[in-house]
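Okay, so here's just one chain, in structure tokens, the form predicted on its own.
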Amino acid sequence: MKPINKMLETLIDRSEDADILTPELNRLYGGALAFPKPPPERPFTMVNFVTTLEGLTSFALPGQAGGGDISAFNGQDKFIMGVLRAIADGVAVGANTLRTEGEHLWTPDYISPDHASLYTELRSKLKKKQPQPVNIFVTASGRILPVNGTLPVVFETKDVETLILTTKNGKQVAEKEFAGHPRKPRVVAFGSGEKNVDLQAAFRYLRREAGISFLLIEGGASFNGAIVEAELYDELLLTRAPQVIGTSVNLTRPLFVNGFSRSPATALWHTLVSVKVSGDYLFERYRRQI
């Protein structure tokens, strides 16, 4: 893929914070990108995802379950993902996403390698402590590795720090899984049971002890749902791909959040921050109303 040279077209931009982009990224992004300061008790948290026109996020087919199939591996979508990862101190996904994408690195240069030098420049400008964001995996059970025991590439990559957030019982499972591997991830427990990770405590840990001021969430649907239901996020960033794929009883396909429902009285409302366009794709940004 050739580097993105055509900038995104900005239709709406209501952000009032100071631009954090470098001049070239500002040009390619089609304007400023700005965020408020993170809250003191947890990271400023962005949930990024790509959906079809009807809001589905996966074909849910073997070998075609990732977001790339929904976006058709759109270059502008990958470019924006790279920008967000470059801004983030950590990128978090659920363990099932890790198991199904064992070749993936949640780093800016992996998702958009042609812009790697621009992302490095941005992280330098932002004075990030590490060359890459911490790759964070969340699992209540503690199970990380796929059934065949294949070690995901991220755990063999020297420049990428890994962190597993789990429960007390899950910590024992995760440490046992990595017992025979020379490079062991950091495993931290939040919650005494096996059913749920205490996300409130985990986010406090990320902010106060792990040095994560800006956190990027990249799914899957159950993990997104847990974050959104707990109201531990600040922004939703949506790429809307111009296709319709449908869902049925025989093939249930996920929305970007699963696992909870709210009433009209408790629905989560958002403020539209920006809308950008490239070809037939829309790139929307919403901030949760507090």
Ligand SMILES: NC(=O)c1ccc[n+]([C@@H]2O[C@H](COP(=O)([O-])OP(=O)(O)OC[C@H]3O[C@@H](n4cnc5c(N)ncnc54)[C@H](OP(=O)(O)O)[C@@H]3O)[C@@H](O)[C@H]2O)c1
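From 1 onward, residues are counted along the sequence shown. The structure displayed is predicted, hence computed values, not measured ones.
One more form of this protein should be noted, the form predicted in complex with this ligand, which is absent from this view; the next part is about it.
Picking from 200-208, 138-146, 113-121, 179-187, which part of the chain touches this ligand in the predicted complex when contact means heavy atoms within 4.5 Å?
Of the stretches listed, the one contacting the partner is 138-146.
Any chance all of 31, 213 and 233 sit within 4.5 Å of this ligand in the predicted complex, going by non-hydrogen atoms?
Zero of three within 4.5 Å in the predicted complex.
Look up in the predicted complex whether residue 47 has a non-hydrogen atom within 4.5 angstroms of this ligand, and give yes or no.
Outside the cut-off, so no.
Residue-level contact is defined here as any heavy atom of the residue lying within 4.5 Å of this ligand in the predicted complex; does residue 101 satisfy this criterion?
The answer is yes: residue 101 has a heavy atom within 4.5 Å of this ligand.
In the predicted complex, does residue 76 come within 4.5 Å of this ligand, counting heavy atoms only?
Judged by the heavy-atom cut-off of 4.5 Å, residue 76 is well away from this ligand in the predicted complex.
So in the predicted complex, does any heavy atom of residue 220 sit within 4.5 Å of this ligand?
Taking the distances in the predicted complex, the answer for residue 220 is yes, it comes within 4.5 Å of this ligand.
Could you spot which one of 94, 90, 152, 82 gets a heavy atom to within 4.5 Å of this ligand in the predicted complex?
Checked against the cut-off, the match is 94.
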